[in-house]
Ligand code: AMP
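Before any questions on how it binds or moves, here is one chain, the form predicted on its own, in structure tokens.
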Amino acid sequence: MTKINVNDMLTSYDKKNLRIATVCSHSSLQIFNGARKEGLKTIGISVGEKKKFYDAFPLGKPDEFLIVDNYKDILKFTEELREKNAIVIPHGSFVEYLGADKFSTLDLPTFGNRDVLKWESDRNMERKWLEGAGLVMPKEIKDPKNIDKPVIVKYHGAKGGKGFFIAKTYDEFKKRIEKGKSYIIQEFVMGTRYYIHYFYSPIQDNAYKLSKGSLQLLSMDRRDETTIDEVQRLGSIAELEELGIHPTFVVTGNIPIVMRESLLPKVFKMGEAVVEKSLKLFGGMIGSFCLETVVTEDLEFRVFEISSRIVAGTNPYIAGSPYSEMIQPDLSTGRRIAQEIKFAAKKNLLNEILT
């Protein structure tokens, strides 16, 4: 992997005229809206054509568009974007469609630590990270022949729930697995799903203090997934599978949610542990991240995944969540990112949050 020298790039940047750039997808509306609230100009990278729906949301519309034929063509416009003092904000669609390897070598100052990508995209490395932080993950089944209860099978790098499936026996697994793909098998944990959205600042210590910087809790959501969330309307899963209808986990939307307050100390302990372990493993995460959890009936957390950037589950909270409202009114994750960039520019600390 080519190491990007962000310090060299920043020497030519006008720190008083920084621009926020991201791909027009996923969580871009709140990224552009948050930057606007903080007085930063924005660039929307639009694949194929200028997206007309932005005209319906003037407060979430980028100040200008960069039109590219496909995601890989973004690499051809890095010099133009640098001339505009652009700072890239990664989100799920941006990284997934450009590809983690190409994104890692994108010759532009990028918010966050790109070294996290290999830890996040490889599920074995992800488990090493999370369990090393002391978090409890669903048990992993190494040999599919040992499947004797419901499990969930996940392909490496699968995003948005696509590519997940449930199996209850080895025979079911064999029928549905795609040959040649890397996967993991986890026990299917019964409980309530909570997607917890944090923000870690390595340069500010005005929140939940860590060994370096501080941690904030910005919001929570749960996902609306097709067809698993509606399949019960047609009968039991077992009955449907006999007809060849298998539940899927493709995310189509997100639902706001608030957790019982007595669980919040555990939420912060988990976030703290993950950040502290990341500092030791690869120099630390930066900015927004999400722990994807299940809370059991015994009120214990099982963490089944981490997303180390802004995730679409923050989109219900463009005007602030019940948690972010107690930090600052009208605070979205997109706005919090813009605030961190402004603070770093003012304090000459951009090299601490950009890679």
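Counting begins at 1, following the sequence as shown. All of these numbers come straight from a predicted model, not from anything done at the bench.
Omitted from view is the form predicted together with this ligand, to which the following refers.
Screening 249, 194, 173, 71 for any heavy atom within 4.5 Å of this ligand in the model of the complex leaves a single hit, 249. Shown without its partner, this chain lists 138, 163, 144, 202 as candidates; in the model of the complex, only 138 has a non-hydrogen atom within 4.5 angstroms of this ligand. This ligand is not shown here, and in the model of the complex it never comes within 4.5 Å of any heavy atom of residue 84. Using a 4.5 Å cutoff between non-hydrogen atoms, residue 323 does not count as a contact of this ligand in the model of the complex. Interface membership of residue 277, defined by any non-hydrogen atom within 4.5 Å of this ligand in the model of the complex, is ruled out. This ligand in the model of the complex is not approached by residue 210, whose heavy atoms all lie more than 4.5 angstroms from it. For the three residues 115, 309 and 340, a heavy atom within 4.5 Å of this ligand turns up in the model of the complex in no case. Partner proximity in the model of the complex, defined as non-hydrogen atoms within 4.5 angstroms of this ligand, places exactly one of 85 to 93, 180 to 188, 258 to 266, 212 to 220 at the interface: 180 to 188. For the partner-free chain shown, 138, 152, 154 of 122 to 154 come within 4.5 angstroms of this ligand in the model of the complex, judged by any non-hydrogen atom.
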